[in-house]
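Take a look at this single chain in structure tokens; it is the form predicted on its own.
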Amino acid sequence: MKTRAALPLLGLLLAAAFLASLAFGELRLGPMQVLDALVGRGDSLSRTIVWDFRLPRTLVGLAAGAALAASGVVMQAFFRNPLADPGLLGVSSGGALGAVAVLALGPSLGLAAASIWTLPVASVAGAFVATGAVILLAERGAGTERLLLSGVALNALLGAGTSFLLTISAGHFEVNAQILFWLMGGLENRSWEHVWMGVPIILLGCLLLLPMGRALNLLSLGEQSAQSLGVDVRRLRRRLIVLATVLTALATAIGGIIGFVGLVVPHALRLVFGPDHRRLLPYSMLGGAAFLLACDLVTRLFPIGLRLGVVTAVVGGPFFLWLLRRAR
């Protein structure tokens, strides 16, 4: 009964978060104003606020939350560790370094203001380069342990590179502020260009992951067990790494560094509804989208400089510590 009611419940939570995201801001709109604006009725001001400002921001948050949560499910099954998150393979750190490099070095190279696509493309490129480097460092055919250690080491190196670029741009206040804001994540000033550059591919990636729930169940038993049950483990690992990298890279490109979504949401839902990935994958996508929209709503209701990454960390940090204590 509990699992049967999960999908409608999560759907209702997502619908409520979606409508609240469209309604709240500097100018609050009523539920009927939002619905009228969505179908093209109502006053012109409401339509402009909803369609030009809040709907792109909401769609980006929805897609980023679903992508990060889905990637978290994949990583936790891949490494057979409930404390794994999408950044383990260096995707987030690589994306951060690519974006920060454009922000810090772009003005001198004429790249920073070249296009709205420059920063996301640099972020995605950095994420894929980082993941490729982790795979090469781990050596072809190696187990997940070597892959995990390579990811940890490369994350440290990429973080150092990002800190170095942040240091050399310290004299440029505007550039430094942009870097800090991007590193802390946020959905401010999202436009329809951000929607088109990220949301369709994220949706496709999530749809490709959904049929892989049974394979993830078998992989959770261990690579040897999965192989003996007919799973092509090497091929499955490649597909999982590619899909998780694409989802995390695009979420980072359109929303900045947003931590703990891929850790908190899948594990919380696993505790409530069980470990079956055939259910956990769609539940986590819905839950991740609702969770990120709710956190973004907090940044609007308390406009005191709160960043989205800060809010997710405030929620996720204590939960992570509780997980560590529970695992012990």
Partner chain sequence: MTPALQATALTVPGRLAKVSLALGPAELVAVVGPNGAGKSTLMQALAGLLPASGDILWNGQSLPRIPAQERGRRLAWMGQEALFEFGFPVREVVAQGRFAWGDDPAGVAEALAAMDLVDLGDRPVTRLSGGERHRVILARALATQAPLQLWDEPVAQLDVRHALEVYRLARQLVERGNTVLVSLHDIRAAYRFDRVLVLDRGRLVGDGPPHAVLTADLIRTVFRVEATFTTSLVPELPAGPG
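What you are looking at is a predicted structure, and each value in this text was computed from that prediction instead of being measured. Positions refer to the first chain, counted from 1.
Heads up, the form predicted in complex with the partner chain isn't pictured, but that's what we're talking about next.
Worksheet item: Among the candidate residues Ser191, Ser225, Asn176, Thr118, which is the single one with a non-hydrogen atom no more than 4.5 Å from the partner chain in the predicted complex?
Response: So the residue touching the partner chain in the predicted complex, by this definition, is Ser225.
Practice prompt. Check each of Arg80, Arg239, His172, Arg146 and return the one that places a heavy atom within 4.5 angstroms of the partner chain in the predicted complex.
Written response: Only one option qualifies, and that one is Arg80.
Worksheet item: Out of the stretches listed (118-126, 98-106, 230-238, 147-155), which one is close to the partner chain in the predicted complex, meaning heavy atoms within 4.5 Å?
Response: Looking at the other structure, the answer is 230-238.
Worksheet item: Can any non-hydrogen atom of Asp276 be found within 4.5 angstroms of the partner chain in the predicted complex?
Response: Although the partner chain is absent here, Asp276 would touch it in the predicted complex, with heavy atoms inside 4.5 Å.
Worksheet item: Does Gln76 reach the partner chain in the predicted complex if we count a contact as any heavy atom within 4.5 Å?
Response: Yes, Gln76 lies within 4.5 Å of the partner chain in the predicted complex.
Item to complete: Mark Leu210 yes when one of its heavy atoms lies within 4.5 Å of a heavy atom of the partner chain in the predicted complex, and no otherwise.
Response: Contact with the partner chain, no.
Item to complete: Examine Thr162 and determine whether its closest non-hydrogen atom to the partner chain in the predicted complex is within 4.5 angstroms.
Response: So Thr162 does not count as contacting the partner chain.
Item to complete: Residue by residue through 185-218, tell me which have a non-hydrogen atom within 4.5 angstroms of the partner chain in the predicted complex.
Response: The stretch 185-218, when checked against the partner chain in the predicted complex, contributes Arg214, Ala215, Asn217, Leu218 at the 4.5 Å heavy-atom cut-off.
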